[in-house]
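Shown here is one chain on its own, the form predicted alone, set out as structure tokens.
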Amino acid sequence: MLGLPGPEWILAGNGSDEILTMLVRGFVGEGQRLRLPHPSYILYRTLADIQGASWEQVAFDHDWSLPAAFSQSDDALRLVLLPNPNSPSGTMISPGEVAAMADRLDCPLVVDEAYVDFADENCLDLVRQNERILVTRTLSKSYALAGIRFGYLVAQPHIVAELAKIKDSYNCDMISIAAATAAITSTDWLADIRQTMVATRQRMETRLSGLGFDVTPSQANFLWCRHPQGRHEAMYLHCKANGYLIRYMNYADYGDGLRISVGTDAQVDACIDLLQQWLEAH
């Protein structure tokens, strides 16, 4: 299914978070540094802190592209982490741009594709082309199997072989392996889910834009939106008080906004109706 020669290209883990932990443990020593974009997945910073390493953030540009500084080499830099699609924005860096970044770097570039099943492109083919490109995946998002904790790394075999030396001996149990095996063979089911989600995501974007939100076009199963009126936390609390949970996110040096997941059509309509209700009252 992955289009790779064999299992030696894959390392399974207890969710992709464990894979990320192994990558930081394996590549970044104490006093060394990893790099991540901002705003993005905050676990990356935590993993560096646990390792006794440092981390640096490179801010996305206003259009969610990344400046040249993101792929600039540095003697202390040991790992670069790129969530793609990104959270909270749902935006993507194209495979061509990712390949160019890896060519400029002297260290591994990890492409965290947790949400990629909802996107139009992915970076798996790049793994063959450049040993410094590593791709992580999870079954927690598109397959809705967060509770079984199963993720995997796709990398060239000599990278996988070395990382396997530092993983826990029995990091995936029989239940998670059985569930993951069943899930990844259900290609028709995944295609149906993706088609439905993309259609609902587009309808959400249209409705939210109609309420005055600035909605970032998304390649994930959520939308990042901000309203000129601000007061995003108050909107979040209004939805929560009425039984609908959306994400209020506030990033230092960037600002706040709402990350709204794509649910069923009925859930989406009810949530957006609550936001409209709040806006009309304020």
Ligand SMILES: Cc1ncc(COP(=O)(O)O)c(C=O)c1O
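The shown structure was predicted, so the numbers you read here are calculated from the model rather than taken from an experiment. Throughout, we count residues from 1 along the sequence that is shown.
Missing here is the form predicted in complex with this ligand; even so, the following discussion is about that form.
- Scanning 140, 89, 176, 156 against this ligand in the predicted bound form with a 4.5 Å heavy atom cut-off leaves one residue, 140.
- Exactly one listed residue, out of 55, 70, 236, 41, brings a non-hydrogen atom to within 4.5 Å of this ligand in the predicted bound form: 41.
- Here the marked residues 83, 115 and 149 all reach this ligand in the predicted bound form, each with a heavy atom within 4.5 angstroms.
- Comparing 107 to 115, 208 to 216, 181 to 189, 194 to 202 against this ligand in the predicted bound form, the single stretch with non-hydrogen atoms within 4.5 angstroms of it is 107 to 115.
- Although the partner is absent from this view, residue 261 stays clear of this ligand in the predicted bound form, with no non-hydrogen atom inside 4.5 angstroms.
- At least one heavy atom of residue 16 is located within 4.5 Å of this ligand in the predicted bound form.
- Mapping the unseen interface onto this chain, residue 11 falls outside it, with no heavy atom inside 4.5 Å of this ligand in the predicted bound form.
- Contact annotation: residue 20 falls within 4.5 Å of this ligand in the predicted bound form, judged by heavy atom distances.
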